[in-house]
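This document opens with one chain alone, in structure tokens, the form predicted alone.
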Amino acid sequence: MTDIMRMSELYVPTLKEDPADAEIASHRLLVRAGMIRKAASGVYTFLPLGKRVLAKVENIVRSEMDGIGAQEIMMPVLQPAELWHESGRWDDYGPELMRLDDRHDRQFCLGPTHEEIITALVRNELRSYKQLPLSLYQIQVKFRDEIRPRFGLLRGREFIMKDAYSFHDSQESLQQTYDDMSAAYGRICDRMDLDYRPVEADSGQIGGSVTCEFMALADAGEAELVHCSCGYAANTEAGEGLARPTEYTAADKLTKIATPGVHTIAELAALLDIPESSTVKALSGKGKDGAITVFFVPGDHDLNELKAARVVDGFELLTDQEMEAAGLHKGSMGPVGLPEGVRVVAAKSLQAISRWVVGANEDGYHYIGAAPGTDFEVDEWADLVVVKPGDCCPKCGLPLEGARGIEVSQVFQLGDKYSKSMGATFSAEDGSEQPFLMGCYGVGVSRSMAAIVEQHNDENGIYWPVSVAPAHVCVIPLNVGDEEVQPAAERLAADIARAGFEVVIDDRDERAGVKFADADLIGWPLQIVVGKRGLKEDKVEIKLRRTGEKRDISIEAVAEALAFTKRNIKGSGIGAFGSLFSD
């Protein structure tokens, strides 16, 4: 029989008041429910109930990884700097990398991810294409020295992550594992009862050219998303979409107008009494070679610097001093009359309008009616903007909708980014030495726990999905020590445990109101109240935490119904107790 947990013995220090530093629901409720405690900024201790939830998330992840043939390992948190120098990331990763020196003045870092370690491992062990493909994963603590840790478990300096790495001898093999991992990640989200979207994303510091993020929709999410009814979804930084610029028709030829004191798009639009979408915004940058490019985007959109970097290698925006030295006028840049040698790159969406409202490259003046191909030339049309709601879906053309999301997982195709730089090769079928093709696949385990709470809470606390709840059923005797109530509650708890459910009994000598409040705050999926009045009719009250539904039911029917439910649970068991409330 499964052991019954007792609230009188559990370390569950619940709080009535919200912690002062909690900005979002998951942070507030996980602290109040006695599941986590802050040790330092961005660093948390998981208390017993929080650890139980965390373990269940880990086990969901583990079962899906094992199910597609990935094998679990454990790599060191402490990583030697020389491996990061081999990959070139020691300097590129930036200040988020936690670095330290040992007593012998050797440099190390605390791992934010493990591409270097895993590549160094397999280059000494995998020698032949016959040993491929291979997928290895771990579930482990990671470290990133966030400049501003916040939102509890969503942006910490220490966090728990599942990271997997795969090794292949062909692109076809890599694609197959990438697809298998993506499907597994969808199932992981389903089993955690997350409302999520797989979205186009940027690979960031991990690298690679193909990647997808799995975003749990939540108002507290730091990522901005766009999505469409056709199924398209993307992070706004990585997504493709066509802006909808509007044409200013007041001028049918190039006309210079005075715009004294106008230096921003908002000021220009106000002066002309037109929408910002009828103006064209200019930004200047340079590449590694020092050559200057001016980018033009619709006035109501922002330049996406990640996309600009695809056009200009080593892209960075010019400083005010660099602009002045290049003969560029901040607030009045335009494509007509730019200094010689300056390259012009424009957003594809601007091809839809024949005449632009732009700067005149002279302080206090702008052009209306500037025509590409007549008054100036565009060197390249490119996808340049940060996508936003209302833009056209790149798949079907309908307007995109907006949302916010929490990144809970991401899959990458790394190609040979690490294997080539670190000399990790295998003997191919033709006898040649080839670098491995690699994939990388991460799940934020502790972050997923917070994402679940963001989607599963109300004014009274958390309502956990059954699949990750710290226990499935809470039995609440109203009169602890009563010669009828207490034994009946103990027998019921034992029957439920025998049926295969995890049970906690609130045997504390507390007022009923305190027990009810804590049960709702902690979020036990099913609550069963045992009281003297009900026992006179051989009944108890059951409550489904998710919906708040209540009903009276005979004690014998509870155990019988739960035993039937256990036998017929499918998948994650998220709706396991709904049958108790159906006629």
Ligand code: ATP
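Numbering starts at 1 and runs along the sequence shown. Bear in mind the structure is a predicted one, so any value in this text is a computation, not a measurement.
If you look for the form predicted in complex with this ligand, you will not find it shown, but the lines that follow are about it.
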So in the predicted complex, are P245, V280 and K388 all sitting within 4.5 Å of this ligand, heavy atoms only? no
Find out whether any non-hydrogen atom of E407 is located within 4.5 angstroms of this ligand in the predicted complex, and reply yes or no. yes
With heavy atoms only and a cut-off of 4.5 Å, decide whether F159 touches this ligand in the predicted complex. yes
Contact label in the predicted complex: D458 to this ligand, heavy atom within 4.5 Å: no
Contact test in the predicted complex: G111 vs this ligand, heavy atoms, 4.5 Å: no
Scan G334, G221, G444, G285 and let me know which has any heavy atom within 4.5 Å of this ligand in the predicted complex. G444
Considering this ligand in the predicted complex, which of L384, L153, A216, A469 comes within 4.5 Å of it through any heavy atom? L153
So which stretch, 436-444, 459-467, 304-312, 500-508, is the one near this ligand in the predicted complex (non-hydrogen atoms, 4.5 Å)? 436-444
Residues from 113-145 in contact with this ligand (non-hydrogen atom within 4.5 Å) in the predicted complex: R144
